[in-house]
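In C-alpha cells, one chain follows: the form predicted alone.
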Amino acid sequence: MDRGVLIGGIIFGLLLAMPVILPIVGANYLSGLLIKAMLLAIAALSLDLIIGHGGMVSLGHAAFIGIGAYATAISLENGIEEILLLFLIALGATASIALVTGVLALRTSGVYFLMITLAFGQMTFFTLTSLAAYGGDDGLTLWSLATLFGSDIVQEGEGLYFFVLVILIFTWIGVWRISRSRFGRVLKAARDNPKRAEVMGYPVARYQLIAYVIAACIAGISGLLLVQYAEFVSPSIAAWQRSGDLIVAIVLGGLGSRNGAILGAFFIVIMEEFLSSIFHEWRLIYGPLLVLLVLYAKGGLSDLILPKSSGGGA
C-alpha cells in the first residue's frame, strides 16, 4: 500500500473516532477546534494544488474564501437555505471571478504573479468592507443557517462535524487524483520548465488557468462551510494575512505532498490554541518554532513522519 495513503487513512480514522473519544475524556469543546482545523485544511489543500503542484505562489487566495463566504451569507439573508444550492452559488461566484482574475494574473509569473494576486486579494477585502448592507467592516451575524433537504442536521454538533469531514476527505482525494492525472503531470512540468512544456505542445496557460479556477472553487467551498460553522462572516477572512496562514500551513506540512496541507493546518490550529492557553505572549514561542521547523524539516512535517526515501510520500 502507498504509505501516504496509509498516513491519510490514519488521520481520517482518528477524525472519525473523535466524536466518540472526546465525550469519554470530557473534552467535547475540542470538536469545534477540530472543525476549525478541517476548514483550514480544505483551504490549504486548494492552495497546495496551485503552489505545490503548479508553482503559482498566490498571496490572494483567501479572497476566494471570502467570496464563497459572502456569496453564502448574502444568499442566506435572501432566504436561500438549501446547502446544495448554496454550493452551486458559491462555486459559480468563485469560478467566475477566478476565471477573470486568472486570465490577467497568468500573463505574468513569479513575483509579478504574487503581486497581482495580492492586489486582487486586497481589492476583494476592501470591496467586502464596503458592503454596508451586509455589515461592512463589522461583519454580519447570521440568524439562519443552511439546511440539507430541509433538515438542520448540518447546522451544528456531530452533523456539521461529519459534513465538514466528508468534504475534507473528498477534497483530499480530488486534489491527489488531479495531481496524479495527465493534467497534474503537465501542471508539474509547467512548474519545473514552462518553456519545455510549451515546446512539447501543451497549452501551459490553459492548464494553469484551469488549476487556478479549481483551487478557487475549493477555497469558496471552505468559505461556505466557515459561515455555517461560525454563524458569522466578516471581511477579515479575505485579508492577505489569511493567505499567508495558508502558505505557512502548506510549507510547514510539505509542499506538494499527499498529507502536507492537512498536517500543516492541524499543527497551526492546535499549536495556536495550546500556546495561547498557557502563555499570553504565545507568538514569541510560536514564531521561532515555525522557523526551526522550516530550517530543520525542509520537506515539512510530512517528511518528518514519512521520509521520501521510504517511498509513498506522506
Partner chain sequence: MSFTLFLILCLNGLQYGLLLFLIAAGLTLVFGVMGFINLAHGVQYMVGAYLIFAFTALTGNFWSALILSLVMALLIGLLLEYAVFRHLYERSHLDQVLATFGIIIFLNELAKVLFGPATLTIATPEILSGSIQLTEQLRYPVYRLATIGVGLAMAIALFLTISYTRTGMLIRAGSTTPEMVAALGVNIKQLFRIVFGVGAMLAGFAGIIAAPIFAIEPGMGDNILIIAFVVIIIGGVGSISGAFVAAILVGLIDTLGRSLATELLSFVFDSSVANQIGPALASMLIYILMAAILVFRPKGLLPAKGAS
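Numbering follows the first chain given and starts at 1. Only a predicted model underlies this, so the values are computations on that prediction, with no experimental measurement involved. For clarity, a rigid core is taken as the largest C-alpha set superposing within 1.5 Å between two forms.
The form predicted together with its partner chain is left out here; the points below concern that form.
Taken together, the three residues L30, A230 and F266 all stay farther than 4.5 Å from its partner chain in the model of the complex, as judged by their closest heavy atom. The single contact residue among F87, Y161, W172, F120, judged by any heavy atom lying within 4.5 Å of its partner chain in the model of the complex, is F120. Among the residues R206, R196, R107, R177, the one placing a heavy atom within 4.5 Å of its partner chain in the model of the complex is R107. Contact with its partner chain, judged by heavy atoms within 4.5 Å in the model of the complex, is confined among 109-117, 141-149, 88-96, 74-82 to 109-117. The closest non-hydrogen atom of T127 lies within 4.5 Å of its partner chain in the model of the complex.
When its partner chain is considered in the model of the complex, L22 lies well away from it, no heavy atom lying within 4.5 Å. Taking the partner from the other structure, its partner chain in the model of the complex has a heavy atom within 4.5 Å of a heavy atom of L284. Taking the partner from elsewhere, G136 is found to have every heavy atom lying beyond 4.5 Å of its partner chain in the model of the complex. If you take 71-87 and check each residue for a heavy atom within 4.5 Å of its partner chain in the model of the complex, you get nothing at all. Residue displacement note: L289 has its CA displaced by at least 2 Å between this form and the one not shown (rigid core superposed).
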